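Next comes just one chain, in structure tokens: the form predicted alone.
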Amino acid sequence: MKTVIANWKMNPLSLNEALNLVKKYKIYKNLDIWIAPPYLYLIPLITKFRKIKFGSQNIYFQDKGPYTGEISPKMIKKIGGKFVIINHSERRKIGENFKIANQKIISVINSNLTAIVCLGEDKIIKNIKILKSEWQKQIKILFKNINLNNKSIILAYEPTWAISTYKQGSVSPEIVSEFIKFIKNLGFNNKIVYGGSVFIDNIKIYLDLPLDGFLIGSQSLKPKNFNKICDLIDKSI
């Protein structure tokens, strides 16, 4: 069963729009559709759509306390959320780092949620040896004191330079393949998804790779496009 994760980011602007967006998503026998909406839509969406997994785009690593504006993974768990996206490149752009992400991963695992952990290079690196070195540095910090093969972890390969920059070109399937091999050589046997700007135009180049799914951003807000992408993934299984 492949997993397609829709990351809505800070969209849409109303609950009615959020409800209508989910209603337009197709349901598949061979695909798990997971959705990460803004926090305030989680409870009504979880209540209404029982067959879809919903989760959070972010959390704070403490369970509770004097942390104004923050939400804990235990809160997400209590309302029926199933997962949390951690270390997304857009979080890092506003000041978060791998050490903070490490604490978040531990907190999410301890709350019995799935941690979708994003990682990937910040700029285009053509030398594969240097690229692997960069991946290794990130993994060392992200998974300090964590079993990389913990069943609560999904890895999302998300090169930062490729996010929201489709016009610059896609990450080559060769590089994605190298990432998969690299991670598996470290003993990681859980799900690996790809999230470096997935569009209808480029999804086909990744379908033959041993990926377990995709993390989709902007196109998840366009149900026709999202359904077409999911159709292609479904047919490739």
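For every residue, the number given is its place in the sequence shown, counted from 1. Keep in mind that this is a model prediction, so the values were computed, not measured.
Below, we refer to the form predicted in complex with a small molecule, which is not included among the displayed structures.
Contact with the small molecule in the predicted complex, defined as a heavy atom within 4.5 Å, is made by all three of Asn7, Ile163 and Gly196. Only one of 75-83, 107-115, 134-142, 154-162 lies within 4.5 Å of the small molecule in the predicted complex by heavy atoms, and it is 154-162. At the 4.5 Å threshold, heavy atoms of Ser218 reach the small molecule in the predicted complex. Looking at Glu90, you'd find a heavy atom of it within 4.5 angstroms of the small molecule in the predicted complex.
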